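Subsequent text provides structure tokens for two forms of one protein chain, presented individually as structure 1 and structure 2.
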Structure 1
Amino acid sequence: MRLRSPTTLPMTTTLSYTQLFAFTEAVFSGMGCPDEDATLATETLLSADLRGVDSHGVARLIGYVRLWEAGRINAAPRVGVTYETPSTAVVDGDGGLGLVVGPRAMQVALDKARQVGSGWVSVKNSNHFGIAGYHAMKALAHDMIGVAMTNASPLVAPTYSLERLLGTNPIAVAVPAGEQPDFVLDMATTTAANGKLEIAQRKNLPIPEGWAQDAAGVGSTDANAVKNGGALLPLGGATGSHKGYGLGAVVDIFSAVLSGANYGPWVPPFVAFLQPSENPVGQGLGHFFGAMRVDAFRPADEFKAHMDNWIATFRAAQAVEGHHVLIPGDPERETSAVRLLEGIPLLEPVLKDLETVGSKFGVKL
């Protein structure tokens, strides 16, 4: 089904989740991923599209393929623990897809939490792992609190800097509830993720003020500002960007300085046309995962009852006219329910990219 959007916008094509899953899985298989890894990578990637985070879903598939073609992704990694204590571990992703390395490392955190109450895992030698929320949410089914972070391509200028030294460095925290929907925070430590600029580029739209600065350090509404030598801006805007800078720095340290991955300006870029640093300080890209058993603090049912009360209280808060108070995770959960039934909309440039990818492996949408 193709719908013509307003005049300046490209067409949108809606594909079912099942159709998109089969296509994406076939592409990962074509790259040489073992069957189990191809399925896991597809589930991880498409979780972004289901939850409405279109910047991190199949729109990124062509990027993974290009990195693989450039020899920068190992399609069949041997992911393993290189150092551990009862509650902590370092996982080496062996250059694999972060979409596979991430879930495997989160499983290590869950296993350790099951044994000793909490598990903390720092990862090196990985790649882009999709949306952070997917990994944190793995804890929910086990009555655990999940935490996920990752560093990313250096596109962000710290407060007052003209240099790009950090990534969008997201943080996700998932907390189980009882009768209420679970609490799921998934946020970049920048005002906006780079993928949102990419969407604006595809739609030929400007970006809001406060998202980016140009090469001279002046705020810009040009969606191509970062491409043209500018930078993304930390969360907090003109008067509070030091807070986003600080959060992004913590993610970088936990994900990479702790594990032995590259950090700061040495993080390998996601785009294949930019080469990694000739003098890396670590291995690949880094992640950080945590899992905490709720019953290590108080009985799980008791905790979830109070989480229900917390959520209900905030949801019922008196709001400004025309709005209502949301709980982190509400928009994504609602979008997921709709898209599972009605399909996932793809902008025409994304569809063309997918067709290009499919032609490489003899796979059709």
Structure 2
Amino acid sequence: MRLRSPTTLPMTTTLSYTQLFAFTEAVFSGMGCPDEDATLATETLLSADLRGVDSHGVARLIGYVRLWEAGRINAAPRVGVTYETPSTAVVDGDGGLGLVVGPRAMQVALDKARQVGSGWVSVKNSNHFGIAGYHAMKALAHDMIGVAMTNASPLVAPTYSLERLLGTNPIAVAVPAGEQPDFVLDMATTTAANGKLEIAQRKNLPIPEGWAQDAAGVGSTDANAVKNGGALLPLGGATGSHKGYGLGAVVDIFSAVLSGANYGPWVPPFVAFLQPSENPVGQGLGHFFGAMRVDAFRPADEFKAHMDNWIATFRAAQAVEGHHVLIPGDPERETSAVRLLEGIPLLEPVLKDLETVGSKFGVKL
């Protein structure tokens, strides 16, 4: 099923989730991923497309393939715990896809939480893991709170810095509710993701103040600012970027200084045409996962009843004309329901990239 949507600009093609799943899984298999890993990597990657985070889904498949071609991804990693206590662990991703390493490490956190109430896992020697929210949400089915973070290629300037020293370093927190849909926060610690700048570039539009600075460190509304030697600004932008910087720093420290991954400017770039540092301070990039059983604090039913009340109260708040108050996770959950049913729209350049990737492995869309 491929439906052209003539009214949308730029041109998109819609593929069913099933079709896109089969294609992506075949590509990962072609790279040499064991079957179980190919399926897992596909589920992790496509969770971004389902949830409407198009910048982190199949649009990146070609990027993963190129990293693998450059010998920078191990398609069949032996992921394992290298250091632990009853409630903590370091997991070595063995250079694998973060899409596979992430869920395995989160499983370690869940197992530890089952045993001692909470589990906290820092990961080294990994690669990009898709969207943080997917990993945090793994806790929900177990009546646990899930936490996921990752560091990423340096694109962000700390407050007053001319240098890019941090990634967009996202934080996700998923909290189970009872009758209400779960609470799922998934946010970059920058004001805007780089993907939003790319959209503005394509449309030749200026960007809002507080998103980026130019090469001289001056706030800029030029969508090409980051490309031309500038940097993304931490969350808080013009009036409070020290807070976003602080949060991004915590993500970097928890993900990499705790585990022994690369941090700050040493985080390996996602794009294969940029080389990783010749003097790394650790192995690969890093993640951090957490899980807390809600019944490690109070009976789960009691917790979930109050969580329902929390959600219902916030959702019912009197709102600005024409708007209503959202609960973190609402837009993504709604998009997911629609896309599971109606398919996932892909921009023409993404479709072209997928065809390129498919041709490498003899897989057809």
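Rigid core here is just the name for the largest C-alpha set that superposes within 1.5 Å across the two forms. What you are looking at is a predicted structure, and each value in this text was computed from that prediction instead of being measured. Throughout, residue numbering runs from 1 along the sequence of structure 1.
J.: Identify which of the two structures, 1 or 2, is the form predicted together with a further copy of the same chain.
T.: Structure 2, not 1.
J.: Rigid core aligned, does the Cα position of Asn74 differ by 2 Å or more between structures 1 and 2?
T.: It does not, since the Asn74 C-alpha is displaced less than 2 Å between structures 1 and 2 after the core fit.
J.: Once you overlay the rigid core, does the Cα of Val218 travel 2 Å or further between structures 1 and 2?
T.: Result for Val218: yes, a 2 Å-plus shift.
J.: Superposing on the rigid core, is the Cα displacement of Lys196 between structures 1 and 2 2 Å or more?
T.: Superposed on the core, Lys196 moves its C-alpha 2 Å or more between structures 1 and 2.
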